[in-house]
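Presented as structure tokens, the chain that follows is alone, the form predicted on its own.
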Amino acid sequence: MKISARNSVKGVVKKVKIGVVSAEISIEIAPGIIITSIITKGSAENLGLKEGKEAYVVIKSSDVMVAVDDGK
């Protein structure tokens, strides 16, 4: 994965709450340190996010995005 954002932190998905339009994703980046982001339902499904999966928290300006490595 290559990304232009400089602030990305690898973690483990701890919670996925899927709604009608959006999804709440909580990622633990260190023991007891969890970052939560609201993304679209479609993005959560496309990334295959589920509890226990490794993912990245990508912080750019006032946005927090979620990314995963392809093929994992």
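Bear in mind the structure is a predicted one, so any value in this text is a computation, not a measurement. Sequential numbering from 1, following the sequence displayed.
The same protein has a further form, the form predicted in complex with a further copy of the same chain, not shown here; the description that follows concerns it.
In the model of the complex, a further copy of the same chain stays beyond 4.5 Å of every heavy atom belonging to residue 14.
In the model of the complex, a further copy of the same chain sits within 4.5 Å of a heavy atom belonging to residue 54. Along 1 to 21, a non-hydrogen atom within 4.5 Å of a further copy of the same chain in the model of the complex is carried by 1, 2, 3, 4, 5, 6, 7, 8, 9, 10, 17, 18, 19, 20, 21, in order along the sequence.
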